[in-house]
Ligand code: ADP
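Listed next as structure tokens is one chain, alone, in the form predicted on its own.
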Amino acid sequence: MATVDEIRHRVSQVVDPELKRSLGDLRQIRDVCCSDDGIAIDVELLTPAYPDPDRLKVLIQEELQDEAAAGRSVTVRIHPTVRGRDAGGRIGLNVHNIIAVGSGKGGVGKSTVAAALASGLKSFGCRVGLMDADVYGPSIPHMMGADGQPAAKELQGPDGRKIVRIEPIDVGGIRLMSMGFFMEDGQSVVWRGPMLHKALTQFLKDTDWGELDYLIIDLPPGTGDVSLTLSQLVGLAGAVIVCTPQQVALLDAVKAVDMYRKVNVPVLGFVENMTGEIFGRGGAARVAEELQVPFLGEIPIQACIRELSDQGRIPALLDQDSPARESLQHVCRSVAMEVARHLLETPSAPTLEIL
């Protein structure tokens, strides 16, 4: 009859089927309890969006099938957690992973994907915030069905002094911040770079985000000031690049990859949006392979996505009866797993200093 230490050693050799590393190497074994009648193993997952926890359970039970044959029950308990670099701590953020969603050009559905990514991660049980960094064309409030103006509240700082924080708008448990909450319908923002930098800094530092597993940041299209500001302020867990399959969109997406690499932001991968007869299929997967970055999945061009976006009901895309549910869940799981892989495989990258 194997002891606790022997069981722990054997289980630690089991290879995680998604991350391709042993559970011992990943430090995922939380606890092992043994008795004459049974064995209980507590295992941590690196994200609640882990694709198939039951598959991991089966691998552990197969490793201990001799113990089961000897009459000891084998129970595997899964505990989803979220690890991260917590790179926003130096500006007061309590966020484990900050993910930028960008594109090389406009009109590819970047904001739709950002809102769906936040909604998908929330549906898996994660604590999520969504920040609209597209100051000139904020669309997140409309897509998420959010209105009103964030309130300011006083909190007590570490030194005892009162500080003012902005309370984000809550939509179904997702905390939102956008310039759109401070603008009247039809009003434009005419700002130069320094004012843009100041606004984004306030959105990050002065918003009471609370503790989050993921903060999704919807970037404006292109490769300009906003990406540089984020690289200066926080250590991003990575960037998701959204593009459509046609060549003109892919050319700009390649430039986005180059920009993120120059500012030390990991590229989590490509999402091909609006896949189908109109724009084609497979272009993003091909370019991702050429650039040696992951392909995170494709989102078919479907009427329900446009309709629910127009209605301000993006979270409903993750409902059980939604035709878009499967493809969006796949993208959300892929993003979460790429964040976990980067955390395990790469050291913390330095933030970009702009003088």
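Just count from 1 along the sequence shown to find any residue number. Please read all numbers here as calculations on a predicted model, not as lab measurements.
Beyond what is shown, the protein has a form predicted in complex with the ligand; the following relates to that form.
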4.5 Å heavy atom contact, Arg30 and the ligand in the predicted complex
no
Arg55, heavy atom within 4.5 angstroms of the ligand in the predicted complex:
no
In the predicted complex, Pro300 touching the ligand (heavy atom, 4.5 Å):
yes
Spell out, yes or no, whether the shortest heavy atom distance between Leu64 and the ligand in the predicted complex is within 4.5 Å.
no
If contact means a heavy atom within 4.5 Å, which one of 119-127, 266-274, 162-170, 232-240 is the stretch that engages the ligand in the predicted complex?
266-274
Quick check on this chain: which one of Val135, Leu204, Ala253, Val108 has a heavy atom within 4.5 Å of the ligand in the predicted complex?
Val108
Counting any non-hydrogen atom inside 4.5 Å, which residue from Ile305, Ile41, Val287, Leu46 sits next to the ligand in the predicted complex?
Ile305
Contact set, 111-145 vs the ligand in the predicted complex - heavy atom within 4.5 angstroms:
Ser111, Thr112, Ser139, Met143
